[in-house]
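Okay, so here's just one chain, in structure tokens, the form predicted on its own.
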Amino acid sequence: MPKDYFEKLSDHKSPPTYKFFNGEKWVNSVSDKTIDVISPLDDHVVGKIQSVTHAEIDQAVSLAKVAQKEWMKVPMIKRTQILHLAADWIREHEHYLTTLLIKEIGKTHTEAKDEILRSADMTDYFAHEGLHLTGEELSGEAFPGYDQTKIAIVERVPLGVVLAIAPFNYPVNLSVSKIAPALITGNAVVFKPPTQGAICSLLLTEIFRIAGVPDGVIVTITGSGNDVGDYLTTHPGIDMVTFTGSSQVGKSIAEKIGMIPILFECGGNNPALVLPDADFDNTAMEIVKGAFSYSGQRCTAVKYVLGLTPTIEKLLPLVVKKTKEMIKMGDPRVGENNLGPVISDGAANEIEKRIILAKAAGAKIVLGGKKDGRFIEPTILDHVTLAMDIIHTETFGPVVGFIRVKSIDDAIELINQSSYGLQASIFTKDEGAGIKLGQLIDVGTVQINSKPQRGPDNFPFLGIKGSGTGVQGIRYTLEAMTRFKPIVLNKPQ
């Protein structure tokens, strides 16, 4: 695919101003307002995005409503071919997208490349699995009091127009996880990308278009969350909202939108419970990767570690040692650096404040704890409690705390007191004991002897309590974006 496929998206000035896609063409907003996408790496403006008006949103949603009625009639095999082609285009432009992703959100080359390639694989998998999404036929004779005079043909039909709201930390992958299943099941998509990561998201929209998605079936709206997001989530033309973001924002959206389906992945304040018989070397490595990958800006990051005092005293020096060996802070574009800046000055200031408050409340800084601009040192805290903000509320940064408990039962109770419930890890050589303890922990997923993580993408992925609602994962997302429609045949007796 020639690069000039992307030429229409911007004005090619320095920095370029990117248009939004109104469902038919790439245009500048009539608001004449733009938002700067500022690189967290060096403060340069990567580009400018449009601040779309409410009237333009109304027009785009109306277009999507009409286009969806025709898109759902397109045979599944044709929709599958379009998605497979989109996956190929994503791979074709992996280097271009990877480089842009690094600039926009400060990921390392490895992290960014993995995100792009995983997005292509996910698109292929959604397309393949869509062919196997079927309905059923039911006979009335299976229920007392009825007979063969009633037969139900149960189809799966699309919901209509799906609003897809993606986060900054995985702006391509967590966009694809919403757009691809919506399209393959016959829905139209109104796509709201994050500000940081918006340019990659706009290119992603164009990739789906050139792969064959018809006009109106996907529209992409850019703008601030306050101006655009609130209006979109309550728009009467939206039939489903799928969202990834903070628990606070997710709860606010859920309270406003009324009786339409939602699929939310929100914050995760994920614990790791370490039993005395754990493989401490592997445990320490998994904790370091889980706590500090992408500067801890992941909903599945490890945020606190629980164990008996002898366990913590044995484990903690290993975690410190491996952090020093594995984590190199600095510009991720340079050398072996793999801990870059957090996304903004505001984020860095909030993380620093929580570290300071934790220390004042009795936590001990074992490693790190300092801020240099947007760079936060990989920080390890000991003697923390769930009452501290650093642990009580999800801290979206490279910080992990250690909690000493009197018993494993106490650890389970502490974990279950949390308002979050995304994932938890249990480290033990006794997998049977790990499974039994995992059944007692109130989270969406329990990992045995591994850090919390999303994937493989065909596994169910979900949060409970403040961490989300609904189930994601290839087949599960496809089911969530469709509904049953029974047609009952009544034969004369």
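Since the structure is predicted, the reported quantities are computational estimates derived from the model, not experimental observations. Residue numbers run from 1 along the displayed sequence.
FYI, the form predicted in complex with SN-glycerol-3-phosphate (G3P) isn't displayed, but the following is about it.
- Only one segment in the set 250-258, 405-413, 163-171, 340-348 has any non-hydrogen atom within 4.5 angstroms of SN-glycerol-3-phosphate (G3P) in the predicted bound form, and it is 163-171.
- Contact annotation: Ile199 falls outside 4.5 Å of SN-glycerol-3-phosphate (G3P) in the predicted bound form, judged by heavy atom distances.
- Shown alone here, Lys48 lies farther than 4.5 Å from SN-glycerol-3-phosphate (G3P) in the predicted bound form, counting heavy atoms only.
- Although the partner is absent here, Cys299 sits close enough that one of its heavy atoms falls within 4.5 Å of SN-glycerol-3-phosphate (G3P) in the predicted bound form.
- Proximity of Gln453 to SN-glycerol-3-phosphate (G3P) in the predicted bound form: non-hydrogen atoms within 4.5 Å are present.
- Proximity to SN-glycerol-3-phosphate (G3P) in the predicted bound form, defined as a heavy atom within 4.5 Å, singles out one entry of Arg354, Arg118, Lys371, Lys103, which is Arg118.
- For the partner-free chain shown, just Glu265 of 229-267 comes within 4.5 angstroms of SN-glycerol-3-phosphate (G3P) in the predicted bound form, judged by any non-hydrogen atom.
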